[in-house]
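Read the single chain below, which is given as structure tokens and is the form predicted alone.
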């Protein structure tokens, strides 16, 4: 275990403690000058982009739960109810996960491009509808970015649900079918209760992952329009690599770490309850 512990300490704990130390200093680049205490944290909270980024991050979580949490369950249930070509459908829904994340974001950027050059606007023009400003409309920006995330990740999550569904006693389905239960009722009364414990675990993991969203809004909108899609991780990127204000970036990173630790403890509590129930 010693090599793993040393690597973990060098690549995780050492940078973490150095990041905490840097957040308490004023610096030129990464060279600390003087101790300023919690002044960088106060600057973070008073920065005009902090609260929009903080609010948008929870908007991302809300839309990801509204769209991205249920779509894999629906996909898994539909493929499970399918009699033919199940293997083909499994490959089809997993295929977006093969693409690199940045490539899929750029791909969807061509679909949502404003004006008459975007793929969706070209299709709308074919049926006589005026082009729509997709990613430049503040109310649509975050849902469309979450739609891109869902397209990318729903397939792999659906396969996890399908693996859990395959462990359900088939006698329950046969009895329900004989009693005349529709596919919707079989989903509601047999499938959904059986995957509920797994869904709780994946729910917490999804919240933790979406809280760290970065390159999707960075590439597709650069946080715009007017900070309508900026995320908390993108604000860290802005502090560090655009403003070169590493102490403020470190301070915001520490705040994010605290939130993620809290979510991780919640995840451990949920999984512990699941293990105890099993």
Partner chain sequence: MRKSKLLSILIAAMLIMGLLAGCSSDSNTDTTEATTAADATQATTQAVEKAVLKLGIWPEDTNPNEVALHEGYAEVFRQAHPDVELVPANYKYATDTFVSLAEAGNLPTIFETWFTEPQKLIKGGFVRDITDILEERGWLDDINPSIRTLLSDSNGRVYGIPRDGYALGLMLNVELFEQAGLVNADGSIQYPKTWQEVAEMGKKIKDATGSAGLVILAKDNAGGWHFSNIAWNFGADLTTTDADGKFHANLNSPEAIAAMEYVKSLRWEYDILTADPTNEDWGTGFVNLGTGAAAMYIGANDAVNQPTETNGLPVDKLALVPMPAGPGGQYSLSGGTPYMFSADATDAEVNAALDYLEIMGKAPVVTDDAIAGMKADAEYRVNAGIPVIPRFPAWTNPELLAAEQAIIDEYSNIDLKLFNDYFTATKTEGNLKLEEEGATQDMYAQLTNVLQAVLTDKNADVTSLMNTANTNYQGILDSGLNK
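This structure is a prediction, so every number in the text was calculated from the model and none was measured. Positions refer to the first chain, counted from 1.
Not pictured, yet referred to below: the form predicted together with the partner chain.
- Partner contact region in the predicted complex: 28 to 36, out of 206 to 214, 28 to 36, 249 to 257, 53 to 61, criterion any non-hydrogen atom within 4.5 Å of the partner chain.
- Using a 4.5 Å cut-off to the partner chain in the predicted complex, not one of 75, 193 and 199 places a heavy atom inside that distance.
- Although the partner is absent here, residue 13 is a contact residue: one of its heavy atoms lies within 4.5 angstroms of the partner chain in the predicted complex.
- With a 4.5 Å cutoff on heavy atoms, residue 136 counts as touching the partner chain in the predicted complex.
- Among heavy atoms of residue 114, some come within 4.5 Å of the partner chain in the predicted complex.
- Residue contact check for residue 17: one or more of its heavy atoms lie within 4.5 Å of the partner chain in the predicted complex.
- Contacts of stretch 1 to 27 with the partner chain in the predicted complex, defined by any heavy atom lying within 4.5 Å, are made by 1, 2, 5, 6, 9, 13, 14, 17, 18, 21, listed in sequence order.
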